[in-house]
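Next up: just one chain, as structure tokens, the form predicted alone.
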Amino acid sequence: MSRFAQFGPKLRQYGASSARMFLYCAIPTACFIHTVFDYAGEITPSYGPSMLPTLNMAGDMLMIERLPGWRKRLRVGDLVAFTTPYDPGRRAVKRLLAEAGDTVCVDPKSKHPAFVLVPKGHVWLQGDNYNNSTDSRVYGPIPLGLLHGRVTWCVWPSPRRISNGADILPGRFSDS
């Protein structure tokens, strides 16, 4: 009996070679992985000081959710992965600070603060490390089309769920 017998009679019928067996297994596996990464989510690294203390500067491996309808589930305070507008080859992770229709103060520490109304189809993203982050204060409002997904988990080095940080956002007040 051939060592590939478990893969079915069709392969035995054609005398499966190692290369053919590899393709028989690798192509469906690659298609499955591609489908999962495109439509369900992905694991991606995050480096840099802009999201301290939420994320490590040395790097975290993050689970990015892209299940159908993820954009509708976005809330102020969520972490999102996006393509930076000035460098399409670079991705970043920032906190969603404002949605379309919200007014944002670009630099609240300024003597003459500027305010921006976030247009329809855009969001305002900002790093948690306010003094060391390149974000919407530089880029302006980010088009929704540049968002890749919502960060839900840090899977390495210290596994934890990434919760919505709306409770730590300055300037957000509840009605109660």
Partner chain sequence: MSWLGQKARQYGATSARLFFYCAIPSACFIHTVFDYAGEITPSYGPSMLPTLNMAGDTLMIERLPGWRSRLRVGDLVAFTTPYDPGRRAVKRLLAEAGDTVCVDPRSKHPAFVQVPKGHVWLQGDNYSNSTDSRVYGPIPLGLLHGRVTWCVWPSPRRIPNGAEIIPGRFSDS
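Keep in mind it's a predicted model, so treat the numbers as computed, not measured. Positions refer to the first chain, counted from 1.
What follows is about the form predicted together with the partner chain, which we do not show.
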item: Heavy atom within 4.5 Å of the partner chain in the predicted bound form - residue from Val116, Leu146, Met61, Met57; value: Leu146
item: Partner proximity in the predicted bound form: Pro45 to the partner chain, non-hydrogen atom cutoff 4.5 Å; value: no
item: The partner chain contact in the predicted bound form: Gly101, any heavy atom under 4.5 Å; value: no
item: 4.5 Å heavy atom contact, Cys31 and the partner chain in the predicted bound form; value: yes
item: Interface membership of Arg150, the partner chain in the predicted bound form, 4.5 Å heavy atom rule; value: no
item: Region of this chain that lies against the partner chain in the predicted bound form, out of 125 to 133, 33 to 41, 48 to 56, 103 to 111 [heavy atom, 4.5 Å]; value: 33 to 41
item: Residues within 4.5 Å of the partner chain in the predicted bound form, restricted to 79 to 98 and counted by heavy atom; value: Thr83, Pro85, Tyr86, Pro88
